[in-house]
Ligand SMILES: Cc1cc2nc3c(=O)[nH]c(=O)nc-3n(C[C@H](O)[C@H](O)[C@H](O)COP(=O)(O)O)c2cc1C
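Okay, here we've got a single chain as structure tokens, the form predicted on its own, with questions on binding and movement later.
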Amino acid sequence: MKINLAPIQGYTNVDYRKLHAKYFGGVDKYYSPYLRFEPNKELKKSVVKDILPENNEGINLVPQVLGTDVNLFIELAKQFEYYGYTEINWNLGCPYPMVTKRGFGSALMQTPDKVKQILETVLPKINIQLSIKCRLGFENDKEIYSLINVINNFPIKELTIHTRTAKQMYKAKANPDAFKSIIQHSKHKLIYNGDIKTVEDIVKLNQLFDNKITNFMIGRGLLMNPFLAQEIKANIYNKSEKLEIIRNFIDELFEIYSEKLQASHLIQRITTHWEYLSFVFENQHKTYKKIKKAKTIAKYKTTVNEIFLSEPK
């Protein structure tokens, strides 16, 4: 079984990926947060830096791109190929209005003919493999079938499906039953994504899919429990071991950010990670509340010490 870490803007940047691989492991493939390409707009240096091979050594990284301009798509694909990557992922799943109003991300699920035109133009001109990540649809979960009918005619590597519609964002429950009905319609390798938070979730999905799906993408579930990929692969840690690893992880992440960010931004950034990491602790709400109250570096360090010392082992 293969486990992929979903690309999550603001969380799974190069620093997080490297430290996740170092301390937790179990992830077979990491995806970068999307690189948006638009005419007359250069990619931000920070975005490019995030996917440079020398900054991602030891990580099986797939750069993800978002956009519709075929010339820029081809140019970017060739640049990734030059870097040594063998795969790029095209984002047809982002549900946020700032993206969809531009006709990017999940908005493209409403225009399968446009997807077809882009694939017809891009694929013959690139050597790197292309995979796609999408949702069940933009408005409803029937739109996926029109997209699959298009994609079936092209040699893409694999298709990852997040089992919500764009309109549902991340609030409604994922719909694995809809995914099951899709399996027989796709000619490509499918990857399931949506509401995987425990080993039991994987067990239930395997039963539902009759063990036909061997690759799963996990996003928030891995942020909430960074050991999840290892646990799915039957590598189990006791509570004491987990706390030691988490402490080393969050301390090193803090030090990395402290070299790049001013104090206020540093606290804000590290607090963002605790939003999910706090779920590892016995009282998630209390833990996260304490971190949010720490507004200075000194207070943050004191609070972290108190949290780890008071946590039952």
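Please read all numbers here as calculations on a predicted model, not as lab measurements. In this text, residue numbers run from 1 along the sequence as written.
Keep in mind that the form predicted in complex with the ligand is not shown, yet the notes after this line are about it.
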*Is Y11 a contact residue for the ligand in the predicted complex, using a 4.5 Å heavy atom cut-off?*
yes
*So, in the predicted complex, is P33 in contact with the ligand at a 4.5 angstroms heavy atom limit?*
yes
*asked:* Can you tell me if Y170 lies within 4.5 angstroms of the ligand in the predicted complex, counting non-hydrogen atoms only?
replied: yes
*asked:* So, P226 and the ligand: in the predicted complex, are they within 4.5 Å at any heavy atom pair?
replied: no
*Pick the stretch from 138-146, 116-124, 231-239, 187-195 whose residues have a heavy atom within 4.5 Å of the ligand in the predicted complex.*
187-195
_Heavy atom within 4.5 Å of the ligand in the predicted complex - the one residue of L108, A77, I218, A166 that qualifies_ = I218
*Quick one: name the residues from 68-88 with any non-hydrogen atom within 4.5 angstroms of the ligand in the predicted complex.*
none
